[in-house]
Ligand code: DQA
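Heads up, the chain below is alone and in the form predicted on its own; it's given as structure tokens.
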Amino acid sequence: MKHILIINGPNLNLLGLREPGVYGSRTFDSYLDELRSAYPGVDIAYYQSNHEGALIDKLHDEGFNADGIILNAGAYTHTSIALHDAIKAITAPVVEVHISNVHQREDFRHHSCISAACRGVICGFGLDSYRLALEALIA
């Protein structure tokens, strides 16, 4: 059984409440239940934190054992060289995910500090971006 970890960064604990026009009205927990049901042969673990250091610690803790990591670093995507370095330090492939199409948003969201360290990037498909990343990691 493949072990895939989904890591969500800051403010993603507010999915379903936060800017529904951008992020939708669904909670991540309800989506996660659906994802786990659709992929019963995959162990899908989940972690969320609003703290950069906690995200780095989780990458360090799981990044040598997981078969893949799906990372939505939220706003840290655009600012965190430390997350870039943590991704480079681990052996698990990481797919960067964004719910919205960051290239249709504010200019500061157009640059990612973590993309170069990731296996790939998926953005703009709503919560389905996570499924697409999962498909890529289990293929």
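We number the residues from 1 along the sequence you see. Given the structure is predicted, the values throughout are model-derived calculations rather than measurements.
Another form, the form predicted in complex with this ligand, is not on view; read the next lines as being about it.
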Exercise for the section: Give a yes/no on whether Val102 approaches this ligand to within 4.5 Å in the predicted bound form, heavy atoms considered. Expected result: yes
Handout entry: Partner contact for Lys58 in the predicted bound form: this ligand, 4.5 angstroms, heavy atom
Key = no
Exercise for the section: Look up in the predicted bound form whether Arg18 has a non-hydrogen atom within 4.5 angstroms of this ligand, and give yes or no. Expected result: yes
Practice task
Answer yes if any heavy atom of His51 is within 4.5 Å of a heavy atom of this ligand in the predicted bound form; otherwise answer no.
Solution key: no
Completion exercise
Answer key, this ligand contact in the predicted bound form at 4.5 Å (heavy atoms) among Arg36, His78, Arg26, Lys88: the residue is His78
Practice task
Can you check 27 to 35, 105 to 113, 80 to 88, 43 to 51 and let me know which stretch has heavy atoms within 4.5 Å of this ligand in the predicted bound form?
Solution key: 105 to 113
Exercise for the section: Would you give me the residues of 5 to 20 that have any heavy atom within 4.5 Å of this ligand in the predicted bound form, in order from first to last? Expected result: Pro10, Leu12, Arg18
